[in-house]
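Form predicted on its own, single chain, as structure tokens, below.
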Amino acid sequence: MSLHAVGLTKHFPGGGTPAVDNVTFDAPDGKITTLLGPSGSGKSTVLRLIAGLELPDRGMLRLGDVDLASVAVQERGVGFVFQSYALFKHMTVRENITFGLAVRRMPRREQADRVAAMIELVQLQDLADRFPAQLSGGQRQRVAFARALAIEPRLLLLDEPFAALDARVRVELREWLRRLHDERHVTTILVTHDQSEAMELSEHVVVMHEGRVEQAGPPREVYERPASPFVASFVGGATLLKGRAQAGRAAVSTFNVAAPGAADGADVSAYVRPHDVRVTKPATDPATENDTLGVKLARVERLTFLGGTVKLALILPDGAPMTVHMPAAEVAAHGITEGDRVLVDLAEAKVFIGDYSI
């Protein structure tokens, strides 16, 4: 069942600017839609508005053909999974999952059958009689998912559900959720600040910043065609280089990039992602020459090994810093080390007219 949010606005007492400001987006039926943005961007407030835990000052929420403004919280058919698990400490796994069904006065035999199915779904058959304190973080979060799914929600809301887990468990649980969703196809809205999480899990991404929607669309579209400087800098990370336009192009740091539509002399901001740069060592020894084939060289200030990838912190010839990610094997093949002077080839930049900051 699809969700349509139109013009959602929410102020909190004592706040100057709205926490949520004219937010409009669609969450497609049976898909995972992610609200992606930094802390304080309004993501969790939007989720609470959808659940009915907060009331909007303005705007409309429609689930399928139903206007949620006229529907009580307990009747919205929404399952909610929190970052903190929110399990009842004095209840076993089985009792926690049963809770929502008992509140809805489902017959006991049906409760038992539903709970057994949920326990099997989240693969906790051997742990059904344990208490939350006897479970790992990943197991507790799977109980939270089972409890939310047990009521057969029309909409599943996930508020940073993996943030409290360590890195390995977080990756494993993401893969588990993806498989679970492929089986259940519940329309899901996920809140996260983790870009890799959004890209891996979502069919639709809504990027938020300062209470507003910056861009919404498929993950690849948001990544490859950012609609604003904020999206270009936040999604994928980027180095910001500035310059001025001349004849449809702009010199930004030591690079020359296309700047279509920019008037001569206009400020230009170019966002360069770490994977859109190629670094090689010059054919000649830069220690004996001022430049190589007329090209000024960048300096490798620091190398940080990240497993199969190496992060290079470069200083460009004009003193501007740049971050580059390269396969570790490629760095080794070129023999690149800290202190080297290297050639930098810019494959692509996201160019915006104006003087922006990350």
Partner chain sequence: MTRRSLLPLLAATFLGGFVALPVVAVLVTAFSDGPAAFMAALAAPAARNAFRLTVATGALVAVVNAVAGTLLAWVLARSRCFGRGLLDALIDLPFAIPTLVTGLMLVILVGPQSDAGAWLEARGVRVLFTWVAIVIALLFVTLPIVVRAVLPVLEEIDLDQEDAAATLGAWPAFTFRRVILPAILPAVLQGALLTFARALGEFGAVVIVAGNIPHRTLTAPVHVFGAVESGDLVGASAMSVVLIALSMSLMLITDRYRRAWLAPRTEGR
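Positions refer to the first chain, counted from 1. Not measured: the values here are computed from a predicted model.
There is another form of this protein, the form predicted together with its partner chain, and it is not shown here; the text below is about that form.
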Per contact check vs its partner chain in the predicted complex (non-hydrogen atom within 4.5 angstroms), the hit among 203 to 211, 164 to 172, 146 to 154, 273 to 281 is 146 to 154
Position in contact with its partner chain when the complex is considered in the predicted complex, options 109, 90, 179, 185, heavy atoms within 4.5 Å: 90
Among 236, 243, 100, 226, which has at least one heavy atom within 4.5 Å of its partner chain in the predicted complex? 100
Contact of residue 127 with its partner chain in the predicted complex (heavy atom, 4.5 Å): no
With a 4.5 Å heavy atom cut-off, would you call residue 256 a contact of its partner chain in the predicted complex? no
If we define contact as a non-hydrogen atom of the residue within 4.5 angstroms of the partner, is residue 80 a contact of its partner chain in the predicted complex? yes
Contact label in the predicted complex: residue 320 to its partner chain, heavy atom within 4.5 Å: no
Does any residue in 105 to 141 get within 4.5 Å of its partner chain in the predicted complex, counting heavy atoms only, and if so which ones? 131, 133, 134
